[in-house]
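Given as C-alpha cells, the chain that follows is alone and in the form predicted on its own.
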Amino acid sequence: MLPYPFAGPFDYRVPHGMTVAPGDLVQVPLGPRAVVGVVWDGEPDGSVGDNRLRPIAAQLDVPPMRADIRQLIDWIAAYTLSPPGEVLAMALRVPPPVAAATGWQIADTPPEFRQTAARARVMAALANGPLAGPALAAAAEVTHAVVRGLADAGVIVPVALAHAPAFARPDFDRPGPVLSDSQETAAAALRDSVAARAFSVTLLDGVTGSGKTEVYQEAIAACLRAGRQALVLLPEIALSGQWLDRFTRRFGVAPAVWHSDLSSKTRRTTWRAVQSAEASVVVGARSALFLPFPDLGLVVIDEEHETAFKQEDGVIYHARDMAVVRARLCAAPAILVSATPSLETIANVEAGRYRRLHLPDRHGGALMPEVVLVDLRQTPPTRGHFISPPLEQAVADTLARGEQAMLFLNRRGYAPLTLCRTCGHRMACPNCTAWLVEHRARRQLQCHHCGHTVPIPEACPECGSAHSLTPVGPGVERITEEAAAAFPLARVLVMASDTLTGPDSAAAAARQIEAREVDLIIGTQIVAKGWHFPHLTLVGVIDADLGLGGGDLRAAERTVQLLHQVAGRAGRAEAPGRVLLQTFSPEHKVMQALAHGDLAGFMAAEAAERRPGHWPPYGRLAALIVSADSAEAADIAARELSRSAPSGEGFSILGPAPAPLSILRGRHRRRLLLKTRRDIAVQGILRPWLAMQTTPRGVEIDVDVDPISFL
C-alpha cells in the first residue's frame, strides 16, 4: 500500500534473500521515483507474472505498522469511500531511524600511556560511568583534543549510552480528589470496564462542573495500573493547557501531547515513545488516532459532541466514531464524555449499544447558574451598540462585587460585514461566497473560509466614495471596544482563535483568570469547552440567536449545546452563577430549554422531529459535493451525476443544488444528498453509482458520509 490516492495496494516482487510480512515498511519504485510503502494484508492480484513485477528496493529498519492500525485504515477507507492509500498517508508518520547515542568509557585493560593532569581529570570523570564526549570534556575541563588523544591511544573506548526515557511514568497510586457518591459509582463502573480488557462504549455525561474529568481519570489510573496505554482525544488542542495541569496534579507528571503544532523533533520523540510504550498516556487531536500504541487499553473522547472532531478536508471522517472503531480493534473500552451529548450518541444509548453513566450534580455543592432571557425587542441596546441595558448593568454589578464576568459572541473579528453607505456595495471574497470580515486591529478585511486578506480601503472600490465604508454587526473586537468604553477600569482578556494561537497561550490565559488578574473575559466558541474558572459568576451571551438560521439539520442542537456549555462556565464554586442570553426569539425552543434547564426534554423533542423523516441519527445521510473551476462545468457534472442516480426502496436522492457556499477557494460547488433509512448502508448505494462516473478534467466529486456541515 502506497500513501497516495490509489484504489488499493500494488504487487511487487520480493527479491531473493529478503523476507517481508504484512506491516513491514519497504522502499519500492513507483515510476521513476523510490517511495515508502507498507506490505499489506491479503492475497496478491496474480494477474501479472513474477518476472514482470518490479522488485522491492529495500526493507526499512523501523518497527512494522501494527495490524490494528492497518485494519483501522481499511475500515476508514471503506466507510468514507476514500482511497485507502490516502488514509495510509495520515497514519504513515514513521520518523527516520535515529542512531543510538554513544559516549566514552575506560577500556577494560587500558594500555600504558603518558599521564598528564588533563588526562587524569578525564579518567576521574569517567570513574563513575560513561559520558558523552561534550559532557566528558566539560566535566574534566579539557578540550575535545585531549579526549580524542585518549581514544586514539586505546585508553578510552566508545560505548552506547543508556536511553533516557522521553516521558516520566504517571503515578497511578497517587491519591486523587475525594469523589462524591455518584462520582465514585461512575468511576467504579469505568474501572471495571478497563479491567475487563474488552471492547465497550460508555457515555459519561453530567451537568457542567460535575467532575467528569476527575471520574474518567480514575479509568486512566486503572489502565496504567494494568500496564496498558491510554489515549485521550480533545476537540481543540488549545484546551489541553488546563487539562494538562489537572492531569499533572492527579498523576504527578505531564502526559505526552500530540498535535500538528509540535516540532519535527518532538513528533519523532513522541512517536517513538508511544511505539515503545514509554509514553503511557497521550492527549491529542484527531491525528493521535493513528499513533502506534502496542497495548492500547483505554480511549477517551472528551467533549464528544464537538463538531471539531470531524475532518472536512482530504479524507472526510469523524474522529469520535473512528476512535470507537480503534478501541474495538484493540479490545479496549471507549469513554465518550460530554455535558451535552450528541443526539447520535444518545440514540446509541437508547438502542443499547452504549452504556450511560450520569453525574446529576455539580461537584462540591455548587449550584447550576440561573439563566435569564433578555428580550432584545423589549430592551434593545442603544443605537450603534450591542450590549443591552440589563446585561450592561449585570456586568457592572458583578465587577463591583470583585467577581469575574464573561461576554460571549461566536464571531471573530470586528464586524462580519463591511458595506458602502453611498452605493450599498458589500465587501465580498473574490474566491468564496462569503463576506469579508473586518479585523480592525490588523487593518484588514479577511475571508474566514480561504484566508484571503486585503487592507481596509480608504474609498469604496465600487463607487469611489471616500470614507464611506462602514462595519455592520458585531464581532468580538467590536464588543471589546464597547466593553472598554462601558467598563473603563476592567481588566479585559479576549479569548478567540486569533488571540489563543496554541496550548501555551491558552494555558497562560487560564492562569491569568485563575489568579484573578482578569475582570472581564470576552470570547468566541473556544471559551465554551472544558474551562474551569472558579471566580466567574456572570456570563452574557451577546447574540444567542446566532447559529439558528439557515437550513442546517443540527442548527438547534448545536446552538443549545454551545450555549449550555458557555452557561456552564458560570458559578462553578461557592458564589452562585447567572447567565443572560440576549435574544430576539425568547419563545424559541432552544431559549426555553436553556431558561428552564431542560436539556433532556429538548433532545427528546429534537429526536421526535427527526424520527418520522428518517433524519440522522434515525436515518443515514451522505453528501456528494461536485466542484469545478467554472459554474457551467459544475452544473453539467452535477446534472450527469443526478441522471445516473440509482432508485430503490428506502432511500432518496435530493438535488443537485448550489451549495450554500457555492464558491469556495475559487471552486464552484454543487451538492446532492443521499438519504436512507437507518438499516440501509449508504456505501452500498454510493460505490456502484460513483463507479459509473467519468468526470471531466478539473471536476471533482467529494463524498461526505454522515455530514456535519452543510455548507
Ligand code: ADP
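Each residue number is its position in the shown sequence, starting from 1. The shown structure was predicted, so the numbers you read here are calculated from the model rather than taken from an experiment.
One more form of this protein should be noted, the form predicted in complex with this ligand, which is absent from this view; the next part is about it.
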- Message: To verify the annotation, which of these, H259, H564, H532, R411, has a non-hydrogen atom within 4.5 Å of this ligand in the model of the complex?
- Response: H532
- Note on the structure: Only hit among A117, A400, V178, A138 for heavy atom within 4.5 Å of this ligand in the model of the complex is V178
- Should R356 be counted as a contact of this ligand in the model of the complex, where contact means heavy atoms within 4.5 Å? no
- Message: Does any part of R246 reach within 4.5 Å of this ligand in the model of the complex? Heavy atoms only, please.
- Response: yes
- Item | Contact label in the model of the complex: E236 to this ligand, heavy atom within 4.5 Å | no
- Residue contact check: V494 to this ligand in the model of the complex, 4.5 Å heavy atom: no
- Looking at 603-611, 203-211, 315-323, 430-438, which lies within 4.5 angstroms of this ligand in the model of the complex, counting heavy atoms? 203-211
- What residues, if any, in 472-500 have a non-hydrogen atom within 4.5 angstroms of this ligand in the model of the complex? none
